[in-house]
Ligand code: ATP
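Below, in structure tokens: the form predicted alone, a single chain.
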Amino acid sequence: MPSLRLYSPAKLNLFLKVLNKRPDNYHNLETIFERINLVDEIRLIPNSTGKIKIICDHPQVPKGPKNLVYKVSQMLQKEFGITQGVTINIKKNIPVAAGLAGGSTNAATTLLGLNKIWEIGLSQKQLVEIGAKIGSDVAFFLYNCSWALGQGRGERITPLKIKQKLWHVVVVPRIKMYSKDVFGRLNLKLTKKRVDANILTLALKTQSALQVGNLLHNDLETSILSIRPELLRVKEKMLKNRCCGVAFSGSGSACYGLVPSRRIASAVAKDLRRSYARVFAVCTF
């Protein structure tokens, strides 16, 4: 089969509530995912050597077994007796270790692509089961939806029928944040108990960007700021610059602001680029 070129989108968490810690040391949570048009490009080139080779233009992306793309490719080979190899060329646009799920979306996109070029014939249910073994955010990207409710570790996905298209400005300071460190600082006694994903879901279906902005929530914010308190300045600067609401995405350093329109997103991004190198104007994808 010839090579396959695919696009791998990032995500934002508009809502993230941590419910409790599980016996396996992960956490049960409730989150609302939004797919955004900040995308990586992945090209899958099958080969007859049986080897998995990763090529990436980003120096901080691992090329071996630590890469989720490598892991999912190797898992498919072992579980389904695939003798064919693949060269995976990743063009990175999504910042690494920022809370935007760059690794997870690449893994999901690769899983979908290899299912085609290796002609494995997996159903969506089977794909999701494999994706959940690779990472908590992988499953979301295996569904063809812009919005979803994530439960469990985030791998139990319920697509949401939301027609609204939101615009955001995303600022990614050159700070890496790792999930294990952020969750390690989490104090469940300090998280808000009354926040509800249903309220935000209803707002996304019926209300304006301004009203939605007031409902953004992330239980991990306190942990993130305890590790890197200087990130609070990013949030404050965005709130002063026409953002309806500002929050951190997942467990990363990426801070996003909700704005009413594409025009305002472009203008705010231009202003913020005076202070930060990595600023993106993005929308629901």
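Quantities reported herein were computed from a predicted structural model and do not represent experimental measurements. Heads up: residue numbers just count along the shown sequence, starting at 1.
Not on display, but discussed next: the form predicted in complex with this ligand.
- Look at 121-129, 147-155, 162-170, 93-101: in the predicted bound form, residues with non-hydrogen atoms within 4.5 angstroms of this ligand sit in 93-101.
- At a distance threshold of 4.5 angstroms between non-hydrogen atoms, residue 49 is out of contact with this ligand in the predicted bound form.
- In the predicted bound form, none of the heavy atoms of residue 109 sits within 4.5 Å of a heavy atom of this ligand.
- Although the partner is absent here, residue 62 lies within 4.5 Å of this ligand in the predicted bound form, judged by heavy atoms.
- Taking non-hydrogen atoms only, residue 233 never approaches this ligand to within 4.5 angstroms in the predicted bound form.
- A heavy atom within 4.5 Å of this ligand in the predicted bound form is found for one listed residue only; from 179, 84, 214, 87, this is 179.
- The listed set 244, 44, 68, 36 contains one residue whose heavy atoms approach this ligand in the predicted bound form to within 4.5 Å, identified as 68.
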